[in-house]
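Structure 1 and structure 2 below are two forms of the same protein chain, each written out on its own as structure tokens.
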Structure 1
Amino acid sequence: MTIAMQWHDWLALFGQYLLLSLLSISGAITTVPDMHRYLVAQHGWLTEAQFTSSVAIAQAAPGPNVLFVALMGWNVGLNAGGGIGAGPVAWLLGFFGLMVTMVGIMLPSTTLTYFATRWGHRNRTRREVRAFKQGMAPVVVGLLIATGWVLAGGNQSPGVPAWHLWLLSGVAALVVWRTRIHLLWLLGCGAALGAVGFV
């Protein structure tokens, strides 16, 4: 796919990601629906397949999930340069697109977090700061268990009974809880069990 990107288009893309950064409470993944509306539906800068594969690859790859944003910028740049086969110009534009979306999504939120946590640290003895930090503790524990639950059951294969996936997640949770085995071994076992068709 080839698209034409003017400088004001890049600026608009950057502005959109600056805005989404401030809205991404509890993670960039919550802004995916809005990114889809903007990039695919409204402007046609990405195809449906480019959009969904950007999210899927980032979920499967090592590193923070927010890197799906980098792949979206990369793909917009490639499209603007005439596709991945078009040579170095397309690759450079891809890298430029990647910087536009990544800097956009990171800058406002990290700046805000930096100053807010410094303020919180200076005022850490204040009753409301302590109440906030301690009061959120049980909520965070509940959120972590819920996130694990959603991820565990989220990706079922049509041909395999669902309990296989739950069993694998449950055993993984038990092993992590009770032992100090390196997590990469567990992920490797998961990949192997998947490849032989257990999940």
Structure 2
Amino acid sequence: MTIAMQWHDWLALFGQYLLLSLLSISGAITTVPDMHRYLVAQHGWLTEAQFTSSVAIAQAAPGPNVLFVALMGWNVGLNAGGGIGAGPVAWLLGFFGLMVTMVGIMLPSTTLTYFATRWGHRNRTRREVRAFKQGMAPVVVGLLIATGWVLAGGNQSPGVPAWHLWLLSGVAALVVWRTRIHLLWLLGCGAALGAVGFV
């Protein structure tokens, strides 16, 4: 995939991730639906497969969950440079895209978290602080469900009924919720079911 990006596009991408950083309640993964809307649906800078594989690979790899943002930026840069086969220029643009998205998603949230947690710890016994923490729980659950909805809905294979994907998503959510089975086992099962054509 090849896309054309000007400097104002890179600035817009950086600004979008700055905004998303302030909305990333309980982690950047909760902003995946809006990243999908911006990168895939609105601008077409990533394909559906690039978007979902960025999330899946980063979740399977060791390290912080926010690495999927780096992969998205890397893929946007590669697409702007003509693809991974285009050579060093594309790789440099990939690294530039990685830096744009990672600095954008990390800078506001880490700064805000640093000061907010210090203030929250000093005032942890206040009623409004405890109420705020309890009130955020359903918001986080809703954002995670929206993330799952986007990832599952955008990864449907042609010719495969949609109910297979939703059934697998529901079973995986139930297993994560009720057991301590490591996520890599679920990813392996999903890959095996995909290989045999179930999803």
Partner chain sequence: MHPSAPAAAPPPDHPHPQPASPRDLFVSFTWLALQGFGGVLAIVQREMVEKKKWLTPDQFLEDWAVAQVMPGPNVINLALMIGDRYFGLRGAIAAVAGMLTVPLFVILALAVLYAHYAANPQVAAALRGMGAVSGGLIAATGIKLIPQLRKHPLGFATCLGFVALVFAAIALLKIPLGWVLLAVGGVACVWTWKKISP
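Numbers given to residues start at 1 and step along the sequence of structure 1. We call the rigid core the largest set of C-alpha positions that still match within 1.5 Å between the two forms. Here the structure is a predicted model, which is why all the values come from computation and not from measurement.
Structure 2, rather than structure 1, originates from the form predicted alone.
Once the cores line up, the CA of residue 147 ends up 2 angstroms or more apart between structures 1 and 2. Shown in the overlay between structures 1 and 2, fitted on the rigid core, is a CA shift at residue 174 of 2 Å or greater. Relative to the superposed core, residue 191 undergoes a C-alpha shift of no less than 2 Å between structures 1 and 2. Once the rigid core is matched between structures 1 and 2, the CA atom of residue 120 is found 2.9 Å away.
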